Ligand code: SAJ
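Listed next as structure tokens is one chain, alone, in the form predicted alone.
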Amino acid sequence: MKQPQKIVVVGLGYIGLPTASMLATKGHQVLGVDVNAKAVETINQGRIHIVEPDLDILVKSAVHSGNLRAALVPEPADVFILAVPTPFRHDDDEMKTPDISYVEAATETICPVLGEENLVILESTSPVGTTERVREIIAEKRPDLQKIHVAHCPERVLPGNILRELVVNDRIVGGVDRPSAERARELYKSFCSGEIVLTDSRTAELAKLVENSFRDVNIAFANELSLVCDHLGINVWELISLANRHPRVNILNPGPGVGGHCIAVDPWFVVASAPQVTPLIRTARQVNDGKPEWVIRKVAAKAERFKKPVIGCLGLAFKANIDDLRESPALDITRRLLAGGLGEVLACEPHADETFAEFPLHDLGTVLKRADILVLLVDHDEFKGVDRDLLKEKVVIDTRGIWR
């Protein structure tokens, strides 16, 4: 590794904090910046405010080494990494549009401390053109700077396996110019063992969006199959298992919808960029977005058997064995059941953060004992081991197929 650098990471969430910690353990001097004062305080104590396997060990080591600290405002540095949210706006039922206001705000925050020849990297998954927008803001706010390098390097990690994938996954680095891409590649070489591939920033932005759109389309196919099978009285899990015996078929498993900040969001960025030529991607999104309503209708139909049913919702996270609730269909379904008046709703999420206070949570044993209807929404390991004898007297709606 070349000379260690001073690095500011803006945004200390599921991507920013692991990245900052990884860089710190490689000898860089890292300042993590976040607007959440409690998160800043927690990190400076060598602890974490999110759930990710082994991240607590990495953060503790990085902080105790003196290479990682957190603050509310940035300081002068060599490199600035932006890892802030890029959600979509809910202003159109037909097409959700990207919201890059957090990226713009983060860019404006670092402008006063930028120096000549600094490198600014946007890691946030973004609609095409956002990296160029970062460069425009810097030019507007700091016309005195002659040369700033700007690049996009989208994260490509899986929650629950982030620390490993930060190191071993290939990385795409797209610069607004070639020197910017090359500068960013040198930084990632300090901790990445995967191949680092250079391109321009717009191609890098679209590549990340396309990766998740591909997955979304394939999940939509599986979810649509589950609707077909329900209509025809066929077991969808058996059907998929049989179809997948074909050497060139690999159908994914259906579920209650699609969640997370990536797959549930990124396809809309592609659609918004070219709405007239993306009917397939748009339809896949609509299929997956419509699955929670189908689950709720199934619950409502079963609830009619009872005078005052107790409905147990198992899982709130967007995928198994994590605490991440972003765009979670399980959380959406539970909220709507709570508001729908079908019966008493008991929610269980074994990975919930202690700060979750939207509605009461219950332990698995209580839900299994009291519920008349069990709605399995997330395939957490804790739920896979449930004694099947406990399910015999229950109405079971298993959206993940773990009890089949």
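Computed from a predicted model, the values in this text were never measured in an experiment. Note that residue numbering begins at 1 and tracks the sequence as displayed.
Below, we turn to the form predicted together with the named molecule, even though it does not appear here.
- In summary, among the residues L82, V258, V271, L187, the only one with a non-hydrogen atom within 4.5 Å of the named molecule in the predicted complex is V258.
- Only one of S180, N212, S126, T334 comes within 4.5 Å of the named molecule in the predicted complex through a heavy atom, and that residue is N212.
- With respect to the named molecule in the predicted complex, the three residues E108, V150 and E205 uniformly fall beyond 4.5 angstroms at the level of their nearest heavy atom.
- Contact with the named molecule in the predicted complex, defined as any heavy atom within 4.5 Å, is confined among 70-78, 213-221, 113-121, 300-308 to 213-221.
- The named molecule in the predicted complex is approached by L158, whose closest heavy atom lies within 4.5 angstroms of it.
- Using a 4.5 angstroms threshold between heavy atoms, L252 counts as touching the named molecule in the predicted complex.
- By the criterion of a heavy atom within 4.5 Å, C262 is counted among the residues contacting the named molecule in the predicted complex.
- Looking at R135, you'd find every heavy atom of it more than 4.5 angstroms from the named molecule in the predicted complex.
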